[in-house]
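Presented below, as structure tokens, is a lone chain in the form predicted alone.
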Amino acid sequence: MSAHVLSNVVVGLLFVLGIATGVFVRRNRLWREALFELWRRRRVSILVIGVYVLVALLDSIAWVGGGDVEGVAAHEARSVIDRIFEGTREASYSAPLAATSFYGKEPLKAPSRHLLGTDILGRDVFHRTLKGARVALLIGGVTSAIAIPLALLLGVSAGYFGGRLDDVVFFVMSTLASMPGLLLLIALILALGKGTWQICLALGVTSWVGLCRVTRGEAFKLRELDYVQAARALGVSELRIVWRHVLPNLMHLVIITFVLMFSGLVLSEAILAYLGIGLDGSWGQMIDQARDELSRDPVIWWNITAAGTALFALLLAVNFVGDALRDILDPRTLREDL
């Protein structure tokens, strides 16, 4: 299966998953009220995140053919975002909304169409900024899908069953926590190779310890509560108790951790890009490529400004939503939003 077909299939699966989640939330009063309260408190942040998600989905839907592209590029799959910006490639730098090139003042192929100018290779900066949203959400989403189930499996197993299993999990957690995170991450990427899935796997391996420690402590507490003891006295199996009584009481921690973990993962990829081992097309790569442009005369400011602003806006919105989710889902921190 080619890469663009797989991408389209994933988008379809995400669409189905979104519908299923919406049906579940609509039928569950607790989550319905929680999401309504979240919308009331952080509607602007939710809309900002929604725009990023929409852009990422449009950049994930791709097909071959159509448009005015000729040559080898005509046989390559292009996303919806790519097709919107067809014919905007210039020779080199151009300032935002300029009609001539930055050096030489030659007429542009697409005058006044470059909202954020072009980079040294003539690529539209706004186009590159939009494509960075897909990379950021991919890093945050796929890595969380690796780290969170691993943390739940090990943390709940260690906390609920205890004994030798708890000793082994605690030893692994302590070992990973004692290693410098960035150095371990770089070592894993160099061992696995540079690529989307390799970087997501490396980030996932180094990101599960915090949630595992929290779920382990919560499982220690939950296994001693009255309703768990009553279920055990009635002959309910341990695995069923974990599934029906322990895991549901950890879901608020999982959601909050996912939101807060997302920011750290995106920033970690930006640091890796700065070191030259990040993903192609990411905001971190844009920032890395644009850092030397600030020393030019005159200054080429729009590349690093576009990537930095897009990264800042996404992480700020995600952190606002995470803060509100913590207040809504954790009864110990319930308070009115300011």
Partner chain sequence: MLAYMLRRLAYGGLVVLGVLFFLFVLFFAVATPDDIARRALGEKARPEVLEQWKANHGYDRPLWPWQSFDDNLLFDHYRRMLTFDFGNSDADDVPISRRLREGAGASLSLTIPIFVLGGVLGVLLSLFVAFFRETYIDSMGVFLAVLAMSVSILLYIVGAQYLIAKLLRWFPISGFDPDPAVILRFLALPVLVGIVSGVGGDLRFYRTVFVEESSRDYVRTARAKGAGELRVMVAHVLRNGLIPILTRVVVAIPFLFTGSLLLESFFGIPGLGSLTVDAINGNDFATLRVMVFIGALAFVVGQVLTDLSYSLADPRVRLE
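Numbering follows the first chain given and starts at 1. Everything quoted here is computed from the prediction, not taken from an experiment.
Keep in mind that the form predicted in complex with its partner chain is not shown, yet the notes after this line are about it.
When you measure heavy atoms, are Phe171, Ile271 and Phe312 every one within 4.5 angstroms of its partner chain in the model of the complex?
Verified in the model of the complex; spot residues all in contact, yes.
Using a 4.5 Å heavy atom cut-off, state whether Ser237 contacts its partner chain in the model of the complex.
No, Ser237 sits far enough from its partner chain in the model of the complex that none of its heavy atoms falls within 4.5 Å.
With the partner left out of view, is Leu316 within 4.5 angstroms of its partner chain in the model of the complex by any non-hydrogen atom?
Because a heavy atom of Leu316 falls inside 4.5 Å of its partner chain in the model of the complex, the answer is yes.
Should Val64 be counted as a contact of its partner chain in the model of the complex, where contact means heavy atoms within 4.5 Å?
Output for Val64 is no: heavy atoms all beyond 4.5 Å of its partner chain.
Leu150 versus its partner chain, in the model of the complex: is there a non-hydrogen atom within 4.5 Å?
No, Leu150 is distant from the partner.
Listed residue that, although its partner chain is not shown, lies within 4.5 Å of it in the model of the complex (heavy atoms), from Ala145, Ala230, Met179, Leu165
Flagged contact: Met179.
Within 4.5 Å, heavy atoms only, which of Met251, Leu97, Ile186, Val80 is in contact with its partner chain in the model of the complex?
Of Met251, Leu97, Ile186, Val80, the residue with a heavy atom within 4.5 Å of its partner chain in the model of the complex is Ile186.
Which among 216-224, 121-129, 240-248, 171-179 is in contact with its partner chain in the model of the complex, heavy atoms within 4.5 angstroms?
Selected stretch: 171-179.
Note that its partner chain is not shown here; using its position in the model of the complex, name the residues of 293-328 with a heavy atom within 4.5 Å of it, in sequence order.
Sequence-ordered list: Leu294, Ser295, Val299, Ile304, Gly308, Leu311, Phe312, Leu315, Leu316, Asn319, Phe320, Asp323, Arg326.
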